[in-house]
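This document opens with one chain alone, in structure tokens, the form predicted alone.
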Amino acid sequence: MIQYILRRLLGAVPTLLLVSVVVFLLAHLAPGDPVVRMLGGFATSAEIEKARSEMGFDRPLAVQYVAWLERAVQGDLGRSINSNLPVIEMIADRLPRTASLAVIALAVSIALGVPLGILAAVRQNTIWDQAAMCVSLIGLSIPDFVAGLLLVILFSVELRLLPSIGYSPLNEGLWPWMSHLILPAVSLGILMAAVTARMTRSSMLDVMRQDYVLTARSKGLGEVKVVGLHVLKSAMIPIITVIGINCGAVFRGAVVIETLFAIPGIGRLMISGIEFRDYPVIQGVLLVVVTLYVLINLAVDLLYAWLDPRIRYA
């Protein structure tokens, strides 16, 4: 197992290198000049060229990339062009907020999606199955930002039960922290719950047709035990795979949801970086998110062996 983990981590290095190249080029080839944005429209050409030289933007892109990568490997993601703060500190300050949103959103997706999929599979071709799939279809059809706006109108404007914007740290109290994250987390979790429900139903139906499940039923084992002990555990590998993919969807959706709910996380940091053409911020955020996603995929692979003893890592 240890050797497998080490091989996977080493195998992720080429992926991260390729991603770093794409991230670097996308940031630098995007329209706009960060130096002009920083100095303002009244800066002279001489001032702009001087600032560009001081920041190293006058060097070839290949040279800039190698210098940036060398610093990134050492944990130095540079300094923000807009605020002059270290990018790694900005990310470290905002990442817990996005992580809190991601964990709650994933919990919502699992709590809604898995039971809905189980119900649809156990009651296949009944009104329960049709109702569950209809709910999941609605969840797939509603964009997360639209769901967020509808939730704000209902729970914040009409019922006045939950705050619509802002973020409260956990050290200020559990309920203030949770109350500010419920609406954005549900907004993100609805789409993921719909995908999880459909995969749960499909995976469970495949397992329920297996001979050992029919044998368990023929021996008089209760339906709850058959589903809980035999079907669900065997069907979990595709479900875990979808949940791992949803982790990437959380970070993607956080860009919109954090802006909508004014949560100062890495999603809003990315938007700010794009707005000000802040290359170090854009590159740093994308690199951290991709690295986290690679580690999450590794964790998902390791869960396979625990769920299915037939899987072995040589």
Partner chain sequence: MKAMLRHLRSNRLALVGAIILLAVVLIAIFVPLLTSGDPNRIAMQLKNRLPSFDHPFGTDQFGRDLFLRVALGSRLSLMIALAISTVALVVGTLFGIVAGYAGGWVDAVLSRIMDSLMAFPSILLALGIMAMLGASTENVIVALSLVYIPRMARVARAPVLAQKELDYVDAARSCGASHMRVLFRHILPNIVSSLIVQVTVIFAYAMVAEATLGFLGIGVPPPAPTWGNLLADGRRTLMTIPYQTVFPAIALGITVLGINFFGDGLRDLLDPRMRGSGTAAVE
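So that the term is clear: the rigid core is the largest set of C-alpha atoms that superpose within 1.5 Å between two forms. Numbering follows the first chain given and starts at 1. Remember, predicted model here, so these are calculated numbers, not experimental data.
We do not show the form predicted together with the partner chain, though everything after this point is about it.
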If contact means a heavy atom within 4.5 Å, which one of 228 to 236, 80 to 88, 104 to 112, 188 to 196 is the stretch that engages the partner chain in the predicted complex? 188 to 196
Counting only non-hydrogen atoms and a 4.5 angstroms cut-off, does Ile296 reach the partner chain in the predicted complex? no
I'd like to know if Gln64 sits close to the partner chain in the predicted complex, meaning any non-hydrogen atom pair within 4.5 angstroms. no
Does Met270 reach the partner chain in the predicted complex, with heavy atoms at most 4.5 Å apart? yes
Does at least one non-hydrogen atom of Tyr279 fall within 4.5 angstroms of the partner chain in the predicted complex? yes
Whether Leu6, Trp68 and Val73 jointly form a contact site for the partner chain in the predicted complex is the question; each needs a heavy atom within 4.5 Å. no
Have a look at Pro143, Pro96, Gly222, Pro169 for me and say which one sits with a heavy atom within 4.5 Å of the partner chain in the predicted complex. Pro143
Scan 162 to 184 and note down the residues that get a heavy atom within 4.5 Å of the partner chain in the predicted complex; none is a fine answer too. Ser164
Superposing on the rigid core, does the Cα of Leu10 end up 2 Å or more away between this form and the one not shown? yes
